[in-house]
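Okay, here we've got a single chain as structure tokens, the form predicted on its own, with questions on binding and movement later.
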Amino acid sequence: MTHYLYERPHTLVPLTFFARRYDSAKSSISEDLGIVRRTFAARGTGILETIPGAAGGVRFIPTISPQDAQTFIQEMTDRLEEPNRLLPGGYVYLSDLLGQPDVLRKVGRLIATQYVDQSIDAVMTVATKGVPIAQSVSMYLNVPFVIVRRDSKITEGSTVSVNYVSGSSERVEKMELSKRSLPRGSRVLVVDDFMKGGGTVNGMKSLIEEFEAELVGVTVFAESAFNGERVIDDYTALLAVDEVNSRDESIHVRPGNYLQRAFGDQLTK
């Protein structure tokens, strides 16, 4: 049962299904699920929610504990301060980290935990670096993810496009999304790998409005210091790159606002 639930997050499973699957009485299944629930809670794996009634059952909601989140974010902070990550323009090389399955799993679980009490219909990102993050988050939320593109793809069919101003270069650019990707009225979570001025995220926000959908939240893996006014101010960042010194190739990174936004008073002092 543990494996079955773990592989199907946010999916309501009737107790009768387990009773038939394991040829057991519902009372026995309930007792076993009680053990699973306590184990999930003790290990910070997630919440096993019970829905009463004839149409009820159990639902596994993946989460991460504040302590595990702090440990992971500190580990990423140390990794991002490695001097060989410095790129021209104040960017930081992230591809190796965001190409590691264990890192992606934890990033997805962290972001999903922040929105555990929110109703989300889709996760949105822009090609290409944000795609693995969106895929991981969508897996833990058990919702589709959609990819916004900056260039036309014939395989996308008809698209909706918007012009937006890049927050860092202040150039007018275009992004587009297939009309079939996002149903009208969807509640959308935007994720991305790196944010400077916020222009790309603001462009996705405009696309969401074009689809008559609702932006639920914005979470990025890392944000950088930005000399100017960001075009978006309501967002969550797991990490914050405070200072980049090209002369001595040093990078100063600190935890972003994720821990406070996701856990608040639950944080370890």
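Just so it is clear, the structure is predicted and the values come from calculations on it, not from any experiment. Numbering starts at 1 and runs along the sequence shown.
Below: the form predicted in complex with a further copy of the same chain, not depicted.
- The three residues 95, 142 and 181 all sit with a heavy atom within 4.5 Å of a further copy of the same chain in the model of the complex.
- Residues with any non-hydrogen atom within 4.5 angstroms of a further copy of the same chain in the model of the complex fall in just one of 184 to 192, 72 to 80, 142 to 150, 110 to 118: 142 to 150.
- Not displayed here, a further copy of the same chain is kept clear of residue 174 by more than 4.5 Å at the level of heavy atoms in the model of the complex.
- a further copy of the same chain is not drawn, but in the model of the complex it has a heavy atom within 4.5 Å of residue 45.
- Residue contact check for residue 9: one or more of its heavy atoms lie within 4.5 Å of a further copy of the same chain in the model of the complex.
- A residue is said to contact a partner when one of its heavy atoms sits within 4.5 Å of a partner heavy atom; residue 84 meets this definition for a further copy of the same chain in the model of the complex.
- Taking a further copy of the same chain as it sits in the model of the complex, the stretch 243 to 260 never comes within 4.5 angstroms of it through any non-hydrogen atom.
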